[in-house]
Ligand code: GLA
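Only one chain is given next, in structure tokens, and it is the form predicted on its own.
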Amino acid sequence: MQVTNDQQAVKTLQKLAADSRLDLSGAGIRRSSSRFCLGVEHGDYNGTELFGVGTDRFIWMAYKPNGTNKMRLFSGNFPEDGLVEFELGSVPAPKSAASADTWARFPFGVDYILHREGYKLTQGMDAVLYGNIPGGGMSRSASLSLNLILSVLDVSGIEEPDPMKIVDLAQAVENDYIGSPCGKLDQIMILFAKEGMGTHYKPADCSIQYVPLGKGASDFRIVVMDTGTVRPGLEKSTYKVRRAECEELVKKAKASRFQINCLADIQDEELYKKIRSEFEKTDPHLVSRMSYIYKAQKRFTQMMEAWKQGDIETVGKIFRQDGIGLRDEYVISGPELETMCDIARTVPGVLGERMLGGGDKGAAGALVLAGDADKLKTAVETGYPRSRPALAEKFAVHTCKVVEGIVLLKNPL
């Protein structure tokens, strides 16, 4: 099933409704995007500023109230899980083995978190959904959580006026119910994404600023290279380890009377050198994690200025430097991801490349001049199967544009 646009998605949702025997005539359709982080990757849980865009790989969900107290949902991506059905307020316990290996953990988690936070859900919902977001690196789980939360609130007539509260709810679904230790980068970059704009988030005051790409910028594309590997989930990957390591260094630094609360607080070169000197002999791996965040913040300022000036070539160069830091200092990439990056670096017109998302597995990404995007796709389709023959039938290349994050389609199902 290849769905690439809204028209095809509507037809797919109609078929899924018929197959699952759900009456969704007149149902609303909410589309939630994927995201592409330009900086700082892995900065959200370290307190850094963030910048990224929404990308045109989506989850589409047709939904409407059903007049009962039951939720009934069917996913075209996971038909083997059948119809997910449960009463409002009656779901398995958080981090339950009963739902750990099914996509149902997301609607269960949304119901659990909304009830925990005091939202009065008065209406059940029927829904079918389908997505074309790759399974690693483009935040499929955040897109799904946001889509579900907004739709569940909608059918009960609840409008949450604070969009950052929606971000917190989506994060809680993954942190508290599923057990995935994600930060807020994914949710923020999807919920607030605007077509043709970059989203700049400042954690100091939880503010959002939209930053247009400067005039005269070279036409470019975002290319996501799915390695075909199965990502185990953040709770089972080195993402969890890296987050714990960063928190460990902060704890040790505070015990040594350094005035910091997170790694993002280390921006002054003198402070950076003092902390490095204090711990580089006893905890060199922790210092290495700190070094990536410190240098990435310096690059972030340069990247933002380049974006505003329309200097996409410099944005790509910094993107590449971040990838080297993620590989060598943060040590959160993986062999398949680096194979993709190695191939991308051989293609003229590729401005920068690096691993994406939680690390280990999933996808790598590249910024490439628009006229050379097909050359990159051809290079990957030729070179990757030779290097990784076991994944020759599983990898994929996605050429993406910058889009709106959350959209209600104009015409109902």
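A residue's number is simply how far along the shown sequence it sits, counting from 1. The shown structure was predicted, so the numbers you read here are calculated from the model rather than taken from an experiment.
Keep in mind that the form predicted together with this ligand is not shown, yet the notes after this line are about it.
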Exactly one listed stretch (247-255, 220-228, 182-190, 118-126) reaches within 4.5 angstroms of this ligand in the predicted complex by non-hydrogen atoms, and it is 182-190
task: Evaluate Gly358 for contact with this ligand in the predicted complex, applying a 4.5 angstroms cut-off between non-hydrogen atoms, and reply yes or no.
output: yes
Note to self: Against this ligand in the predicted complex, would Phe51 count as a contact residue? Criterion: heavy atoms within 4.5 Å.
What the structure shows: no
- prompt: Does this ligand come within 4.5 Å of any heavy atom of Glu41 in the predicted complex?
  reply: yes
Checklist entry - Is Tyr239 a contact residue for this ligand in the predicted complex, using a 4.5 Å heavy atom cut-off? => result yes
